[in-house]
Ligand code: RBF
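Shown next as structure tokens: one chain only, the form predicted on its own.
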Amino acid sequence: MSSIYKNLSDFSDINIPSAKGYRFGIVVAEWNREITESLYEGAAQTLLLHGAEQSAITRINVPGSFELTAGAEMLAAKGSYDALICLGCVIQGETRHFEFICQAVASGLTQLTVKYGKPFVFGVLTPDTMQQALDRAGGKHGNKGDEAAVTAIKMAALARQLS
């Protein structure tokens, strides 16, 4: 369902497993910091709300969304995480730069998921305007960071269940 009709932070109809005992890495792009900090706060608070320990959450920053893939790979190679959450915001501009960045990050995170056999969650906003980004980073449509954290919890639990 389109986010125009749904608050991204409403999980009342979803069974979310406990995050207790799982380790999470969060990679945050510094570009569009106002947005990405809000996404991080949403993700971290959602993990804690569902039982993750503060000490089980590691955060690193990268310069922009394009670097999320490299940062996530570096973090995954250094630690045993159950899921990695990648948070960024690429706002449509006047050139095709937007398309290249978004495609590269989506493809890169998919490749890392396959390589490591664990979830690398795509928590990257791809709005047309700054207002749309604000609406999805704690505004009227909730917080995509919350959604990314719930996805990480659910996928980490699924991986554990299948192992």
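Numbering starts at 1 and runs along the sequence shown. Nothing here was measured: the structure is a model prediction, and the numbers come from that model.
This protein has a second form, the form predicted in complex with riboflavin (RBF), left out of what is shown; the following refers to that one.
- Residue contact check for Asn32: one or more of its heavy atoms lie within 4.5 Å of riboflavin (RBF) in the predicted bound form.
- Put simply, Ile91 is close to riboflavin (RBF) in the predicted bound form: some heavy atom of it is within 4.5 Å.
- Mapping the unseen interface onto this chain, Glu67 counts among the residues with a heavy atom inside 4.5 Å of riboflavin (RBF) in the predicted bound form.
- The closest non-hydrogen atom of Ile101 lies within 4.5 Å of riboflavin (RBF) in the predicted bound form.
- Heavy atoms within 4.5 Å of riboflavin (RBF) in the predicted bound form belong, among the stretches 57 to 65, 109 to 117, 129 to 137, 38 to 46, to residues of 57 to 65.
- Scanning 68 to 85 for heavy atoms within 4.5 Å of riboflavin (RBF) in the predicted bound form gives no residues at all.
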